[in-house]
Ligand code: ADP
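A single chain, nothing else alongside it, follows as structure tokens in the form predicted alone.
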């Protein structure tokens, strides 16, 4: 039986911190499914289709990574894809309380799915998509923090 993890998020846009987590996740799991959330409560800069295209470009050569749109309860999505793990990143203590709350709710709805938390590599521990967009709005150098195709699309979108 394959050990499949779902890594959910809005990824608006995907950062090198997200990519780092996926690349380390595939060392542990047979497959990592990136579930790109539509999340209407967040005012996203990129469409779900655009976000999926960025992620596909980044992980095109990795057969252990699959990308899908997420438009239902995460535990239902995980069950649909035979996933038994939800992979989440924890950047700081401030993330912990929220993530534990989500993990507890998911476990109460689906006891067969476990949440696994990973911290990002040190050089990405402070990254978030919101910070990336804010720096991009002010013309800051983001070349160390996001893929070059994402950077080009971000600059074009903000012009």
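Positions refer to the first chain, counted from 1. Note that this is a predicted model, so its numbers are computed, not measured.
Another form exists, predicted together with this ligand; not displayed. Remarks below refer to it.
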Quiz item: At the 4.5 Å heavy atom threshold, is residue 10 in contact with this ligand in the model of the complex?
Solution: yes
Practice problem: Evaluate residue 127 for contact with this ligand in the model of the complex, applying a 4.5 angstroms cut-off between non-hydrogen atoms, and reply yes or no. | Solution: yes
Quiz prompt | residue 99 within 4.5 Å of this ligand in the model of the complex, heavy atoms | solution = yes
Quiz item: Though only this chain appears here, would residue 25 touch this ligand in the model of the complex if you measure heavy atom gaps against 4.5 Å?
Solution: no
Quiz item: Looking at 69, 47, 104, 39, which has any heavy atom no more than 4.5 Å from this ligand in the model of the complex?
Solution: 39
Quiz item: Quick one: of 95, 114, 134, 30, which gets a non-hydrogen atom within 4.5 angstroms of this ligand in the model of the complex?
Solution: 95
Quiz item: Mind listing which residues of 100-121 have a heavy atom within 4.5 Å of this ligand in the model of the complex?
Solution: 120
